[in-house]
Structures are given as C-alpha cells and as structure tokens.
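Just one chain follows, in the form predicted on its own, and it is written as structure tokens.
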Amino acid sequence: MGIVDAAIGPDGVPGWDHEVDVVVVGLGAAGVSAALEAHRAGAEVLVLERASGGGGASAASEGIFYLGGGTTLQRDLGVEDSPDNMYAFMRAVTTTPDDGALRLFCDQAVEHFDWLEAQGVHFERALFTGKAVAVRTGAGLLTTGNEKVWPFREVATPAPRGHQAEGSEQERGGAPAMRALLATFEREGVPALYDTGVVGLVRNSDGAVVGVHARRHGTDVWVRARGGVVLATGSFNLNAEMTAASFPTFAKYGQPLGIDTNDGAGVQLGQSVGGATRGMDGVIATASIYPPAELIKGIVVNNRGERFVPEDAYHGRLAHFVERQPDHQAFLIVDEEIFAYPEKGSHKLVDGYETVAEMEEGLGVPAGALTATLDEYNRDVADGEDHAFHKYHDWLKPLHPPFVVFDISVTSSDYHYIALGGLATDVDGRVQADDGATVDGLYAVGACAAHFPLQGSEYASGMSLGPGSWWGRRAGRHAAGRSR
C-alpha cells in the first residue's frame, strides 16, 4: 500500500535545493488558499504540484462551497440564516468530534465567502429552489443537503447553503472557480514547481517536520521548510488498496470521483511521521433518484419490501442507507402518475406491474411485505404525515397500480464515490497523532484531511470545497507564523 518513502532526518539530506518558510504540497482549492494566506502573512512560500498546472480535483468539481450564516449571497437573495442556525444544523447532521472547529467554521463562513469573491470567484445572484444534485442554470445558491429532511428541519430553520461558482451548460463551476483563484495566485507571484511530487518528509530529532523530499522529472528535489509543510494533496479515491480496506462495498461496485493524483499520498505522508487518521470508512456515494424531482414521491424499499429512509433525503444520505441494506439491494417504486426515468445513477428499470402481488413476486420479496408497506404508506399520506420516516409533505402522494420499479442497488447501479476520511487535524490544520498531540510543522487540509461529515449520511454538496478552502487559509497563516 505504501507509495511514499519513510521519513528521514536532516542528516540524510544530501543538500537543500530550496529553503523557504512554508511548503504547500498540492494546488487545488485548499492548497491555493493556504499558499495565498501564507504569502500574505509575509512568509516565503513554495508550492509543489505533481501535475503540470494547478486546479486539482477542485477544478473537476461542480464548484459548490458549503457556506452560510448570512453570506452576502444569501442576503442578496432574501435568504435568512445565521451562524447559530448554521451551526445547529451542522452539529445535528455531522458526527465530527471537533466541535470547536465546527463552531468557528460556522462563525467565519460569511467572511470566508467574502474572501472567495475578493479572489475573483463569481457567484451569480440567482436562487435555485428545486431539488437537484447540482445545477447548470447559472444559479449561485441552492439547497444541497439534508436541511429540509427530518429530524434536521426541526433542529434548525432550513436555509440553502450550496454556494455554486458560476459555470455554464458546458462547464462545471469548479473550473472557473479555480481559474479565478489561480489567477490571483499568479498575480501575487507565489512561486510553484510543477510536475513535482513529494515522496517523503524530513523531520528533525525533536520529531518536527522540517522539509520534504520530492522528485521532478526523475530528479530528486529537497526543500527545507522553516515554518511548516502543508499537505493539500487530495483524496485517496484512486488508491484501490486504501478504498478496499476502508469501504469495500463501494470500492468493489462503485466508481471513484477524482483525478489520477488522488492516490492517498498525503495521508501516507502524514502517517509516516505518526499522524493519525479519522473516519477512513466514511464515503459519500451518489446515484441519485432525482432529477426529475417527481420521483421523490415514490417509495424506496429493500429486498424485504421494507422502507428504510425518507425518500427526500440528500442523495448521499440515501446511498449510505442503501449500502447498509441486505445484499446492498434497494428498489424505487413509482406509479404511472409520476413515472419517469431517473436522470442520474444509471438505475435500471426492472419492470411494470399491474398488482402489488405481481410486484412482490417479480422482485422476490416476501409475500405480503409490499402490500403491508404500501398500505401503511398510503394511510399516512391520507393522514397528511409520513409517520414512519417523516418525508416532507411536499413529496407525499398515494401510490396506486400500475407500478414501475427501478433497481437502485449498490450492486447494479452506477454509484460514484468520494472518500471522507483522512488525516486527523486540529482547528489550524495541524496534523494530530493518536494521542491528540500535534505533529510539529505538519499540516493537512482539503480532502487528505478528515472532513466535518464522517459518513455519507452526514454530507452536503460543498462540504469539501467550503471547509477545505477555509482550513487551507488557517493552515497557511499558522505555518507562516511559525517561521517568524
């Protein structure tokens, strides 16, 4: 599994090719944010990027930053939110143990949005009110998580917090967002070496990380870091051994989202100096049943004919619970009135059925199971309340034959995934050891560090780019401070 070298001491370095205050490894959203803030804090910065240019997986994303608390964009569109409201939701939906960092992120989300706009990232002043995975309408604000899903809608007032950088029908928002950030990076003259991959860390006798060993075009490059090394290398999605060990079902049947350099090098670099990991079994997988949104009015059942999740849940939350069903199987049942083909996820049409009994036989579920499930559901709909799973009333309708069934099983649908686990860090992005102590001189930000949401059931689109870029800024400033 190891793709990096063991850490060595300074006496093993044949000679430093570069000496700077802060080394940033990787130039995606988190890395460029770290480099800019370290540079602005007066540090001498050098970025090392394995690819031939910046952008990383961030440039291939939809460009959604999960932010809130009353951002300029929210206020301009008449959306009410507050740091307390945002924190209440995120505290309820995530299981992150770092409550202090979560609280600070919510308190500083407004300022962070202003910072992104100041770097040239554009968010169109338009609100998308429908149910979507991402939009190509140019809308800059949309709901991207479980804000309206029970029980979270009772904990905090739902507010859209998916701040999506403006793209086009031909281009996802991540590419223009990264072009803007990289243009600012280049204007400010922050040095970078491209086609340069870090393969090992250098630490002194006290255990502090003081430099890196990299390779560029087959030549060794040694860089001393007086203040610190910031790892911003991306996820481990493309490392088959790591994903198989962390979340074997999705690794076996799903497809990773990411780029070739998302191979877990950053995680392994941190581990090479005693860094701990957190949430490595966490994964956000997506094969949404919507759009079209009308399909949410159907019901999702397992191979025992039982419902197990509210169908209006964010697609990552739905996938999380589908994977946990017997044989990882699940079916979407709709009737003639709301029938349409799901536009995402490659879900296969099983068949149409004139009666519930025929449907039970066709799906191989126990006789009478779907009859009981549909009878209970239709009684609840007539009562105006989904007593079993509290699906929002906008999506309630009685279901009557004829029925159509789609197979949405992990084993048969096209689920794409992103790993949520990574190096454990503190509020400033400092890598932590198993005992909670920090590894002096080493930081990890973005997807090589553990996310706030540790499982797919907790995730919302934008909870990578939003917190990742925020943490990048904090790590850059903190590392710069160490060099003084």
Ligand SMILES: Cc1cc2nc3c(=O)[nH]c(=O)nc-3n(C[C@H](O)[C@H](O)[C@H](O)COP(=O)(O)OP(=O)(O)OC[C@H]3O[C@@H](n4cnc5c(N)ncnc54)[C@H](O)[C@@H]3O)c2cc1C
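What you see is a predicted model; the values in this text were computed from it and never measured. All residue numbers are counted from 1 along the displayed sequence.
As for the form predicted together with the ligand, it is not shown, yet the points below apply to it.
- With the partner omitted here, the stretch from 434-442, 34-42, 55-63, 421-429 that lies within 4.5 Å of the ligand by heavy atoms in the predicted bound form is 55-63.
- When the ligand is considered in the predicted bound form, V230 lies well away from it, no heavy atom lying within 4.5 Å.
- Although the partner is absent here, I259 sits close enough that one of its heavy atoms falls within 4.5 Å of the ligand in the predicted bound form.
- At the 4.5 Å threshold, heavy atoms of E49 reach the ligand in the predicted bound form.
- For S413, no non-hydrogen atom is located within 4.5 Å of the ligand in the predicted bound form, even though that partner is not displayed.
- Proximity to the ligand in the predicted bound form, defined as a heavy atom within 4.5 Å, holds among S288, Q74, T243, T196 only for T196.
- Site annotation in the predicted bound form: the residue of G270, G234, G316, G162 reaching within 4.5 Å of the ligand with a heavy atom is G234.
- Not one of V190, A475 and R482 comes within 4.5 Å of the ligand in the predicted bound form, counting any heavy atom.
- Shown here without the ligand, the chain has only R172 in 163-186 lying with a heavy atom within 4.5 Å of that partner in the predicted bound form.
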